Ligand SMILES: Cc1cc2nc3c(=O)[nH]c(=O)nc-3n(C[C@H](O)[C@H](O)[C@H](O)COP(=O)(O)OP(=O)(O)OC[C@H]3O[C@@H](n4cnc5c(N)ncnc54)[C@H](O)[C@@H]3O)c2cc1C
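One chain comes next, on its own, written out as structure tokens in the form predicted on its own.
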Amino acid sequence: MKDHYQVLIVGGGSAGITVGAHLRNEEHPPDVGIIEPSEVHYYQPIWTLVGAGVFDREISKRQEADFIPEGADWIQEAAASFDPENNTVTTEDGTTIGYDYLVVAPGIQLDWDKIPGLKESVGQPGTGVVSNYTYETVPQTWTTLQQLEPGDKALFTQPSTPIKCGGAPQKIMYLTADHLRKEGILDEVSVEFFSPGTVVFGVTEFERTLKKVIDRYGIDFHIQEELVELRPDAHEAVFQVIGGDGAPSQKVVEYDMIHVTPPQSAPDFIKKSPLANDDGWVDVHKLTLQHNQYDNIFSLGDAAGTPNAKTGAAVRKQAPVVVENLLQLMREGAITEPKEYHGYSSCPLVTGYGKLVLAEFDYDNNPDPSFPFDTTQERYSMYALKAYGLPEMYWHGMLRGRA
């Protein structure tokens, strides 16, 4: 490990590795260091299907060392603070590393403790509290949903914060409902979704299809209601009701299974840094992904302060923008012809076993399809793409700087 790099990358997840790979694939690659403490790299989008019993969780796991780009240095520490005036990053062990250019991509933070009763109960047998949002907790989802019986109630929640993969809270609900249909007990189990928002999905063209799916399964979809507390011993969930004409109120709902999507935010060391905007995310221009105050800093992925959906597909489109603008800045001292990211994101909405709606859209929630057919409809081909195609593209293409 050196004490200075031409390009220093904070984060060795999807965004950091992809940018590092693109840079190291250049004919004359810059000197690259990647700060990342984890020894394991996960392909998180597959966890929806793990939670539904399609795959074992091990399919999502690889060794981080196998994906550090050739020629890049892996600094196996956690970043702790930034000093952009002096172009340095300090790690948790007190090491200070300098840079000419910085790429900030540490991902998103799961705030389990923001909901009382959640942290100590999620994934624990007998609590009925499950979540597909970590490798450790995802197996309990499949175990719990298989135990649902006639007369039971299965709840699914979404927080008011930004989250990674905004469709994930609904996907596992549709798969649970489809499992119950296959077992012949769908009409005897109550399936309910609780959202603080006012719509089923933010893009109208895809929302139309999802409403039909909701009707098909007989799901009760509650809007403007957000989970604020769990009482796992009593199997009770407390929701803040924010709709209606009166003042916000609370209601208590019993459950046999509850899939919780935890509140999420920028990592704490980002929030308290000089790189953050007022909401705690890295303060970057939404088109160029260059920092609004420090020209030699870029950010992408879940921690970036851009108004797109936080997905791996967004990273795949953001990475070439960061790389091209960064290289142009290195060569010319300014970005005179910026490459732009227009908010593309993709949400493969699994609506049942073998069924998927591929939602692709931009900053303005306009559809931005990659295929020459109507992707607002449920298709097996798109399900196969998610289950088998996209993981291969991720491991062998995107993380190698090829896609």
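This one's a predicted model, so the numbers in the text were calculated from it and none came from an experiment. Residue numbers here begin at 1 and follow the sequence given.
The form predicted in complex with this ligand is left out here; the points below concern that form.
**Prompt:** Contact between residue 133 and this ligand in the predicted complex at 4.5 Å, heavy atoms?
**Reply:** Although this ligand is absent here, residue 133 would touch it in the predicted complex, with heavy atoms inside 4.5 Å.
Check: Could you tell me if residue 47 has a non-hydrogen atom within 4.5 Å of this ligand in the predicted complex?
Finding: Because a heavy atom of residue 47 falls inside 4.5 Å of this ligand in the predicted complex, the answer is yes.
**Prompt:** Is there any non-hydrogen atom of residue 33 lying within 4.5 Å of this ligand in the predicted complex?
**Reply:** Contact check for residue 33: no, nothing within 4.5 Å of this ligand in the predicted complex.
Exercise: residue 323 in contact with this ligand in the predicted complex, heavy atom 4.5 Å: Because no heavy atom of residue 323 falls inside 4.5 Å of this ligand in the predicted complex, the answer is no.
Notebook entry, point to check: Counting only non-hydrogen atoms, which stretch in 158-166, 180-188, 225-233, 119-127 is within 4.5 Å of this ligand in the predicted complex?
Noted result: Contact criterion met by 158-166 only.
Let me know the one among 367, 53, 37, 338 whose heavy atoms come within 4.5 Å of this ligand in the predicted complex, would you?
When this ligand is considered in the predicted complex, the option within 4.5 Å is 37.
- Query: Given that this ligand is left out here, which of 105, 297, 282, 154 has a heavy atom within 4.5 Å of it in the predicted complex?
  - Reply: The residue in contact is 105.
Stretch 367-391 - residues with a heavy atom within 4.5 Å of this ligand in the predicted complex | Residue within 4.5 Å: 386, and no other.
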